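Only one chain is given next, in structure tokens, and it is the form predicted on its own.
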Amino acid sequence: MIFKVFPKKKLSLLYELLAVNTMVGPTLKGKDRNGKSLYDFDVLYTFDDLALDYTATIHSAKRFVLPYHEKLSSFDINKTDWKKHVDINVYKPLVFFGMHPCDINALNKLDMVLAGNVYPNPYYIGKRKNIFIVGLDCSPEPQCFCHSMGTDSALHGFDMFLTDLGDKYFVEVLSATAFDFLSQIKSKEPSKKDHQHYKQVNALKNKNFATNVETNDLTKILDLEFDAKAWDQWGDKCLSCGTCSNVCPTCYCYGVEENIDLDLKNANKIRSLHSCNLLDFAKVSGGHNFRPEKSTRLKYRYYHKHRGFVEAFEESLCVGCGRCGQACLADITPPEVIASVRGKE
């Protein structure tokens, strides 16, 4: 890996060099009822729109590669023949500027499923391959438990990664394109003092994690506690609203709907992201519902994240960003659920 440093005052220059593409990054959206600033990923139009001092975003950047609603194909009739139109939706290149490690790792996990060799998704791949990522180190929020999930740092999945050293940025470089951009702003080799400063910043970050999840042997614990009463207790609280899936950076379950006009001249196929907590998620033709209880749906969400995905890919699907717990109207958080299943208060 190549390392570079550059003064903070050159960050705007780097932004302008990248801004020949569509820029996406954290931006201030307003304040909540308590006066806390709210941030989210959105298209940026100027450098001033970029809020790199953000703590966490309401949503991840997932929607730019995996939209909540996406037209897969449309059909129209030409004389006597049906004609199919498929748009892979390969947008012009996107630059994600200021993405935290947990969100970079979330995209890496989605790649395993949607860009793998078993069921590759051409719509996802088409957008994903045109993304340039500028990562940014962060300070842990109270709800963050990414350190427990091993996602508090990113080893791949970005082009360059910035760590704030006060008056300069320490940069990890993973692509030739990133190296070329850094050369244009005349970045330099880091000194031994920069190396030491970087290690101090990293050590301080590790000390600031307030929330931890015991992941040791978690898959075995989940197998042992499949019928634990804790699932019923959390299920009673769950509102089955699907908010947790809506803000989750790694949820990818979806449903497909086909719409045909009554005159049979036009039709389309739409994919919409779904949530395993919604009542109709496991409902099939004939009206039978395989998961009618809230507790069962909640339980299987945790088993997919921390059991099924681990069996398939040897790592958890959860990145520990804490968004689901922050957004949950019933105050259900993964650390508390997992602790209760382990028999801890």
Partner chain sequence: MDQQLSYLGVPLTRPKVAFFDFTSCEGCQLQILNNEATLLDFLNLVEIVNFREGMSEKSDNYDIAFIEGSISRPDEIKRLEAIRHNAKIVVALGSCACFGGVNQLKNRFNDLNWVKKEVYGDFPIETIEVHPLEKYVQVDLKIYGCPIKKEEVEKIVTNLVVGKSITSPEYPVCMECKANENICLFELGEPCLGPVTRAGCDAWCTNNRRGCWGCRGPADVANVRQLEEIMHKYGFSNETMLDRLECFGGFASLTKEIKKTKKPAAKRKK
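Numbering follows the first chain given and starts at 1. Predicted model only: the values in this text are computed from it and were never measured.
This next part talks about the form predicted in complex with its partner chain, which is not shown.
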| message | By the heavy atom within 4.5 Å rule, which residue out of D261, D164, D217, E141 makes contact with its partner chain in the predicted bound form? | response | D261
| query | its partner chain in the predicted bound form: within 4.5 Å of a heavy atom of each of H59, S240 and T243? | reply | yes
| its partner chain contact at E314 in the predicted bound form, heavy atom, 4.5 Å | no
| message | Does any part of L278 reach within 4.5 Å of its partner chain in the predicted bound form? Heavy atoms only, please. | response | yes
| field | Contact label in the predicted bound form: L52 to its partner chain, heavy atom within 4.5 Å | value | no
| said: Just checking whether Y68 would be counted as a contact of its partner chain in the predicted bound form - the rule being heavy atoms within 4.5 angstroms. | reply: yes
| message | Just to confirm the contact call: exactly one of 207-215, 141-149, 192-200, 69-77 touches its partner chain in the predicted bound form at a 4.5 Å heavy atom cutoff, so which is it? | response | 69-77
| request: Just give me the residues of 271-303, first to last, that have a heavy atom within 4.5 Å of its partner chain in the predicted bound form. | output: L273, H274, S275, L278, L279, D280, K283, K294, R297
